[in-house]
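Take a look at this single chain, the form predicted alone, given in structure tokens.
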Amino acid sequence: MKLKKFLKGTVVAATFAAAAWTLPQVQAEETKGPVTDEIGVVMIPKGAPIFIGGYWTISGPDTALGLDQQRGAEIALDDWDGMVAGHKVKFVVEDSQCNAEGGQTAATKLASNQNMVVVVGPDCSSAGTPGGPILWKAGIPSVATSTTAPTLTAADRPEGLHGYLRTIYNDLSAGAADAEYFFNEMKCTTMATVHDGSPYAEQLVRVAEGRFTELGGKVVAAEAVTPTDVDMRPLLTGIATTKPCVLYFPIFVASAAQIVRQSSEIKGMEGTTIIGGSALMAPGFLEAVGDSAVGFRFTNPDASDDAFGERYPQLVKQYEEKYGEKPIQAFHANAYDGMAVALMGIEKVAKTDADGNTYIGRKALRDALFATKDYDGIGGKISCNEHGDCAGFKFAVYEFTNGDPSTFEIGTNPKKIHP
């Protein structure tokens, strides 16, 4: 019950923040050409492009998270020859910066284009929480690619998120799996947690704490930092006095790196295993911590070939050929699927008249996206429910074997150690 109240409060606060932005609002029924739609119709003249947006973290310490997903989406677009419904695609990408302010700004820029049909992304729940309502206010649905906060697709989510779906798992599954690993596999009965106030980290931690307690464990410390905190020694000193078996901190690169580097300096932390989250599967993390990364573990969706669809090896090959390096994070496959779902939805609802003009109903497109069922995606089976959850979760634990960023390669450094 406490978790439910917390999640609801988080969404309400974000909704008020998003409402402060003044944007074109598409709500009236409209008829253009052969299409009538209850919230509006986009007309694409013959020879004109169809606009698809994207917003991810493409600057700062978590750049790998967003850039990896932008690349996955671009490869999907390549596989469609850059075309959909007989038109070239104009792909417009904005930087979400993995925070609420960046998400608001990026979504506002995308929503200001009245020809924007759909947006793929974002990668961070802190950006999607305000960004999704801004886009849907303009009649633009979002296909998010690694935003996992439970509130985004909750049954009681606000109306502004009714245009928001995702090709990534829900942290209700991930948090429970993390807690079960700590309790059942590591045999830990005491846990300390740290979040950074972001919707992703705070909600994931709350789910893990709840499940850990249900299993019979005890949460001995529950702390918070800010993404810009540098000196983690006072925080770690306090946690050390509680003697946790595991310290769980699913936060982002900059602040997580400080915990990893400084934990070894703290007396009393010797018996505690420190474990991070999926945002740390990045070369940038190795740049920040160096040799302190060796032996460091983090939970993550399974990023091995066996966990993905049969076309995944081909995606990796295309990625290397196009960008000159192997994937730099774990969610490129989810982003590929997000773009594919968006393109399939457009194809399903677009209607072209005798003059070659194409018409897309905004509500019709939203409904077509949510109706996606049994699509064999690169990241696994995609079947959306009425709330916008479309993907399942496969749990894994990874460990870094080398602190040199040039050695980063998913499967080797970091390597999967469980299951």
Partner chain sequence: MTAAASSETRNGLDRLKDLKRLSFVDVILWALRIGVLIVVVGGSIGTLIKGRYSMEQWFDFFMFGLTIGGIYALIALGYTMVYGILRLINFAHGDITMTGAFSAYFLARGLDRSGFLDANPVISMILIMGLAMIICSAIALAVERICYRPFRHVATLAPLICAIGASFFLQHSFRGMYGSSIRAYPDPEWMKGQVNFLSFEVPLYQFVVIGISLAAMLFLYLVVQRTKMGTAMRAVSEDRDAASMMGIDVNKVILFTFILGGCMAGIGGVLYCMVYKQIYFYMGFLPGVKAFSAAVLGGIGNIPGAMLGGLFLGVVESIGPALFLDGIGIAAPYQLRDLIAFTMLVMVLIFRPQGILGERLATKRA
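Numbering follows the first chain given and starts at 1. Note that the structure is a prediction, hence the values are computed from the model and not measured.
Quick note: we don't show the form predicted in complex with its partner chain, though the next part is all about it.
Of the heavy atoms in T228, some are within 4.5 Å of its partner chain in the predicted complex. Within 4.5 Å of any heavy atom of its partner chain in the predicted complex lies no heavy atom of R311. The closest non-hydrogen atom of P234 lies within 4.5 Å of its partner chain in the predicted complex.
With a 4.5 Å cutoff on heavy atoms, A257 counts as touching its partner chain in the predicted complex.
Heavy atoms within 4.5 Å of its partner chain in the predicted complex map, among the stretches 338-346, 264-272, 109-117, 68-76, onto 264-272 alone. Taking the partner from elsewhere, no residue among V205, C245 and G392 has a non-hydrogen atom within 4.5 angstroms of its partner chain in the predicted complex. Though its partner chain is absent from this view, in the predicted complex it lies within 4.5 Å of a heavy atom of just one residue from V294, A222, A307, V92, which is A222. Between the options E101, E180, E287, E320, the residue in contact with its partner chain in the predicted complex by a heavy atom within 4.5 angstroms is E287.
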